[in-house]
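Presented as C-alpha cells, the chain that follows is alone, the form predicted on its own.
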C-alpha cells in the first residue's frame, strides 16, 4: 500500500499500485494500470480529497457499490456511470483491512514478550474491528522451506492461519500468549456485528483472495463471540486513557500492522516517539509490522544487504525481528 504522501500524482500512484498488485491480484493490477492511463477516470478520482484517492480505497468503494468483476472494458462504463455512489463510499469509509492472517507474523515477537507465563494486554492501533487482537484464539500452521510444518494452538479452532517460514529457518514452536485484555484504537472503529461494517471489510479483500474472504468470515465469528473494547480516536490523544483501562500485572503491548503508511511522515515520527515515551513511563512494548519506508529509523537497523522487497518489517521496540508477507502469508526471522 502506498503512503498517502508518497507519490506526486494520482496517475503515478495507481501505476505503482498496479505493479504492487500484479503478483497478487491480476484484477486490481489491470484496473489500476488502466486508471493510471485514463484521463477521464483520473479526473473523477482527483475530485476526491487527497487521502481518499488511495487505490485500495477507491477500488474497494467500487466493489462495495456493486462493480462487476471482469476486464477494465466492462468496469469502465459502469464506473463512470456509478461514480457518485462510489465517491460517496470513498468519502465515508477508510481502508481498514485488519487481516487476521497477520497474527502469524506478529506471534513470534509477541511470544518474546509473553515468555515465562507473563500475561499480556493488547492494544491495537488502527484496530478496525479488532481481528488482530485474538492471536491466542487462532491456530497456526508454519511451514518451512524443507516442508516441515509446526501446528500451534487448538487444532479445532475456527481460524487456522497458514504461514511460510522462509530463509531456511525452522518453523517456530512457541506457546500462544496469555491475553488478558484486548483494546483497539481507531478513528472509525468497525463492529463485525454490523452487517454494513462487515460488508465493507469484505469489499476490502482483493478480488482473487477467496481464502482471505473465508478467513475474514471465520475471524469475525471469533470476534463477535467475545467483542474487544474499541475506542474511537487518535493514538496520540488516547494512548494514556487506553493504558489506564488495562489490568495491573499484565505487560501492555501496543501493536499495529499496515497502518502507519496512511499517516503523514511527521505523524509516523510522532507515533514512534510516543511509543518510546510509553515504554519508558509505563513499560509498554511496541510491536510494529509496516513497510520498510514507513519507519526509516527501524529499517536503518536491518542487517546490511537485507532484501526486503515488498515485504513488511516486523519490529519489537523499534528493533527489526522479521520480514513478513503483506497479509501474513510468509515470515522470515532475522538474526538476533
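As the structure is a computational prediction, the values presented were derived from the model and not from experiment. Residue numbers count along the first chain shown, from 1.
This next part talks about the form predicted in complex with a small molecule, which is not shown.
- Residues of just one listed stretch (70-78, 84-92, 154-162, 125-133) have heavy atoms within 4.5 Å of the small molecule in the predicted complex: 125-133.
- Of the heavy atoms in residue 259, some are within 4.5 Å of the small molecule in the predicted complex.
- The shortest heavy atom separation between residue 187 and the small molecule in the predicted complex is within 4.5 Å.
- When contacts are judged by a 4.5 Å heavy atom cut-off, residue 263 counts as touching the small molecule in the predicted complex.
- Among residues of the shown chain, residue 233 is one whose heavy atoms approach the small molecule to within 4.5 Å in the predicted complex.
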